[in-house]
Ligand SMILES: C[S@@+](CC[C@H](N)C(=O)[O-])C[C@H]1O[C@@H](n2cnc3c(N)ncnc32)[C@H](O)[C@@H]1O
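Just the one chain here, the form predicted alone, laid out as structure tokens.
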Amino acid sequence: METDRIHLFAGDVYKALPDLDSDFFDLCIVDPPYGASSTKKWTYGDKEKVKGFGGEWKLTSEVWDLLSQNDSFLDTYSWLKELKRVIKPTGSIWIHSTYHNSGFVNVCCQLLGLEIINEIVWYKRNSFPNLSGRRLTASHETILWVHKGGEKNRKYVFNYEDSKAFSNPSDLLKEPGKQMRTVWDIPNNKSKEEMRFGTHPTQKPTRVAERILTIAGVKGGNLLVPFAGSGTEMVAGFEYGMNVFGYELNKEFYELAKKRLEYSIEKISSSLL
């Protein structure tokens, strides 16, 4: 699907990333598959020296061997390395994670010299209860806000006044006129409109992407969504006023994202009449 401002591709983002232009995107929102693997193999053999790994990282051979065989770790490192290249010095990357992958994301950011601006806790007040009664109820996810790193690259966009003015009736923590905190009270339920054409098993409510855009969005700028899923971040970015680029390998979810984007186009066009 391609329009002047929407570019949704049905394909493997791992294959597409190396061909994207450097320093092109103003914002990237990543909701990666947990423990995902790709048909493209990203391996670092014993004879190959990779900056930040091996002796430079000063890990024991045993630990390094365990990590080098872990698909989730290698996938995270590979897409983060490319995102660091394609994001502008003024841009930033927002990464969703849970305890399944947050450790890998944090370590890979440090290995690649990506500076973590903030670690955000998304508190889900209405999270699904734990049915087994064997552990605490999981009621939050982690979002990392990162930029290229280095003193010269601390030019990332931060819409401070917009973030300060932001408020939403569903958030019992954020008051208008107060600084945005690193704990976001955002219920996980989706509206009927968000589920109009179907659902995705890990679909985020649009309100999460809208808040990210409030903080770091650039009107008329370029947004990259490497794992488009149901298209939530692309829809939010398009309606915010950005040019959106996304990739989705699963045909069913590609069609779902496409329908949501087409509906968004119709909705905006109708409002202009």
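Keep in mind the model is a prediction, meaning the values are calculated, not measured. The first residue of the sequence shown is number 1, and the count goes up from there.
Not on display, but discussed next: the form predicted together with the named molecule.
Checklist line | Non-hydrogen atom contact E248 with the named molecule in the predicted bound form at 4.5 angstroms | finding: Contact check for E248: yes, within 4.5 Å of the named molecule in the predicted bound form.
Item checked: Heavy atom of N222 within 4.5 Å of the named molecule in the predicted bound form -> No, N222 is distant from the partner.
Check: Does L261 make contact with the named molecule in the predicted bound form, using a 4.5 Å heavy atom cut-off?
Finding: Looking in the predicted bound form, residue contacts with the named molecule do not include L261, since no heavy atom lies within 4.5 Å.
Next item on the list: Answer for F227 alone: is it within 4.5 Å of the named molecule in the predicted bound form, judged on heavy atom distances?
Entry: Heavy-atom contact with the named molecule at 4.5 Å: present for F227.
Checklist line | Contact residue in the predicted bound form, from S97, T90, Q203, N188 (heavy atom within 4.5 Å of the named molecule) | finding: Contact check passes for Q203.
Checklist line | Sequence-ordered residues of 1-25 touching the named molecule in the predicted bound form, heavy atom within 4.5 Å | finding: Residues within 4.5 Å: G11, D12, V13, Y14.
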